[in-house]
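This document starts with one chain, in the form predicted alone, laid out as structure tokens.
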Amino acid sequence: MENLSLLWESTGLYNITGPQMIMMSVGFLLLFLAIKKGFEPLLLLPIGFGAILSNIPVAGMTEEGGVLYYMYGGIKSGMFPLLIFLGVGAMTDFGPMLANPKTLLLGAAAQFGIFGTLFGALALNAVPGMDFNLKQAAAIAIIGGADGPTAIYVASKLAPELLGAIAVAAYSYMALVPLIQPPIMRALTTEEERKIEMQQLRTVTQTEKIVFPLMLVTLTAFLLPSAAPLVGMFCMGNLMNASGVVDRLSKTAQNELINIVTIFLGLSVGSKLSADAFLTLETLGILGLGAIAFSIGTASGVLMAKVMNRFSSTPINPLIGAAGVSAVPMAARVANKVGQESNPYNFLLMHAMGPNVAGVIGSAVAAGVLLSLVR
């Protein structure tokens, strides 16, 4: 009987707590959203499964010696997000942005969501139970860039204790782009503005595509070194693709490397969804601020595009401004879809890819600014 008692006390049923059961349910919910609804499945599936594994009692997966404990080292060091940026860079085409350089302004405008949320997070300290310091507020603010790897990178440096909530918020809102953005876009534009057809983009030469990442990383090194890790890996990946001389390396970065790292990154983020760290009032604040940040970023991009259209010699459809958030390429697809609802002959996808790519650069630069000012 004593042995049977010891066996019972070693089971998960005996040791599991209510908060752990709740967090395992959250993990199953993320799996449902990934599998059934198709919401960012590449990340939400491993994050959800990691949440389940990290809350299994007695297993010790997140303690020293556990598999998730060692996986998290890739996030703590910043290696996983940077390798993701290498792969994203290899898959990115700067052509639409270089063909219409004005779209850089739209990518920059969309970053207002980041800095607006920074002050919003600090303002939440007036709510009982909320207590965000400046580093935590900066880590939360980066959600507004709609760039998961950048959000994870900044959170790992400034507020690792909030990493799980920030990552879940960032990827959840990225997955909800088709639901969140269209109402904002329609509210800020008229039917006539949504019908605007843009001129065909010029052809960008290979030389331009090679020179741009080199110029970008050089300017970053001189002006904002703290953004160099993110921008540098992004430009390295893009240069491998644009140069055309290392196709094998480029394809590896786009496929095998980014796929492997995505698995490890998702499980590592899930390991931070432990009950004691996630089930807090502050988590609700982070999720709420994430929605606000994303909405501000979308609205800022659309409003900037409206201003540019008024003063531009060539027509600019304000809808492409919403793609300034760096949810690539989903935000560009949404801009194209909303445009075609008003004008079936309106093809905005390539035009929207310009601010979309600019948004990736903008979020990386914003991350560098925050890391420089807050540390």
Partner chain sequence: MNELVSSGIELMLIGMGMVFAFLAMLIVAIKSMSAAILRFFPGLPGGHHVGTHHGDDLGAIAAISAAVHQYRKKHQQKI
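Numbering follows the first chain given and starts at 1. As the structure is a prediction and not an experimental result, all values here were calculated from the model.
The discussion below concerns the form predicted together with the partner chain, not included here.
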For this chain shown on its own, do Met97, Met215 and Met304 all sit within 4.5 Å of the partner chain in the model of the complex, going by heavy atoms? yes
Pick from Leu201, Ile184, Leu224, Leu279: which has a non-hydrogen atom within 4.5 Å of the partner chain in the model of the complex? Leu224
Examine Pro101 and determine whether its closest non-hydrogen atom to the partner chain in the model of the complex is within 4.5 angstroms. yes
When the contact criterion is heavy atoms within 4.5 Å, does Arg194 count as touching the partner chain in the model of the complex? no
So in the model of the complex, does any heavy atom of Leu118 sit within 4.5 Å of the partner chain? yes
Exercise: Leu179 in contact with the partner chain in the model of the complex, heavy atom 4.5 Å: no
Looking at 163-171, 143-151, 130-138, 279-287, which lies within 4.5 angstroms of the partner chain in the model of the complex, counting heavy atoms? 130-138
Go through 63-95 residue by residue and record those having a heavy atom within 4.5 Å of the partner chain in the model of the complex; state none if no residue qualifies. none
